[in-house]
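Consider the single chain below, provided in structure tokens and representing the form predicted on its own.
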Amino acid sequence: MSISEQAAENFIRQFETIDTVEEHGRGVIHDTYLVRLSGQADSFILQRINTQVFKQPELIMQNLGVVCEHVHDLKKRADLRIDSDWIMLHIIPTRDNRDFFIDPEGGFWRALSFIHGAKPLEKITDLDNAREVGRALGIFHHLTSNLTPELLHDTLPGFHNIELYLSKYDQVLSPEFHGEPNESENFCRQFVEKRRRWAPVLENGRKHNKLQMRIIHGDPKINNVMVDNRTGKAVSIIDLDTIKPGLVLYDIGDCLRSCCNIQGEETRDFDAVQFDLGRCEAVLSGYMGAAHECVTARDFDFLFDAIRLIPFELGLRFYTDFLEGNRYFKISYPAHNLDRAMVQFRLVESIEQQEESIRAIIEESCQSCRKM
């Protein structure tokens, strides 16, 4: 019996038996398996948490438990304004009623419900897709809007804090870490220097109490949205390991970054990188339709900055990792993270060049939100 099968045994009742355990999905952090049970019993997702990334996995499970219980309680209310087919994951307890299992080698395992009849959205093919991604994030923010942020642990301290990322960048930029820069590196260095004074805009808003801490998803990219196989409608948002207290604008900016770069993050045709206005409008339309009750006037004031900041932040992280020897992000070739940084910085340029149009979309979203 494999180690995954041994772990799966700890999450099933005595009257159930395992049919198959097979690798599932394309995740790059955790080891994920689909466990099929014999007879009429249901399937479930089994995961071994990467404890190199998440140093305190038990805190992830506590956060997940708080949010799942909160949403399941909300869904019992008759006045809840979300689609009845929206699915929130369940944590499957072990035989001894715990929400995780530690194997003899120290592996940290957990089991989650499997969402039938749906799949991750791997690619945006039309504006309906973009709208559904925005709607999924909006539903998540709506459902967690009255949950006290202090109830959750900060499982990723410093995540989205641009001041910390700039400090790390300054440390690894010294000549002792890296030799003479090439053309792309010179572009990246000049790009960062021109924007470093502006970059803490959201953190400054938080420090001056203009932006309030709430619950964020932390990784609202396209393929974390589950869509119904038949209708194409979003039915869930998954990969909840990064839920934590934060600024919802980080989520909105990251969602738009993921959706609106038509060329994708792995292109090497930097000149073709562009922020798509049609997708931006569709994402915000879907988002505001679901989350309009919890979006504040201050959120709208800072929304353009969030759209501009998140690709800048990610580009900075990619370039810093390149300078440091590619320690964090997995690469396929030596300059992979440098190329990724170039893509994100070119996306920032496209956003800056279209500022007037993007602000007009934001204003239209604001007006529509007030009418809902």
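Here the structure is a predicted model, which means the values were calculated and not measured. Residue numbers run from 1 along the displayed sequence.
Quick note: we don't show the form predicted in complex with a small molecule, though the next part is all about it.
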**Request:** Using a 4.5 Å heavy atom cut-off, state whether I29 contacts the small molecule in the predicted complex.
**Result:** yes
**Contact flag, D251 vs the small molecule in the predicted complex, heavy atom cut 4.5 Å** = no
**Asked** Does the small molecule come within 4.5 Å of any heavy atom of D239 in the predicted complex?
**Response** yes
**Message:** Using a 4.5 angstroms cut-off on non-hydrogen atoms, would H70 count as touching the small molecule in the predicted complex?
**Reply:** no
**Message:** If contact means a heavy atom within 4.5 Å, which one of 87-95, 279-287, 252-260, 193-201 is the stretch that engages the small molecule in the predicted complex?
**Reply:** 252-260
**Prompt:** in the predicted complex, which of the listed residues (L314, V35, L303, V343) lies with a heavy atom within 4.5 Å of the small molecule?
**Reply:** L314
**Request:** State the residue from E265, D99, E185, D228 whose non-hydrogen atoms include one within 4.5 Å of the small molecule in the predicted complex.
**Result:** E265
**Message:** Check for me: heavy atom within 4.5 Å of the small molecule in the predicted complex, for each of F159, D219 and F318, yes or no.
**Reply:** yes
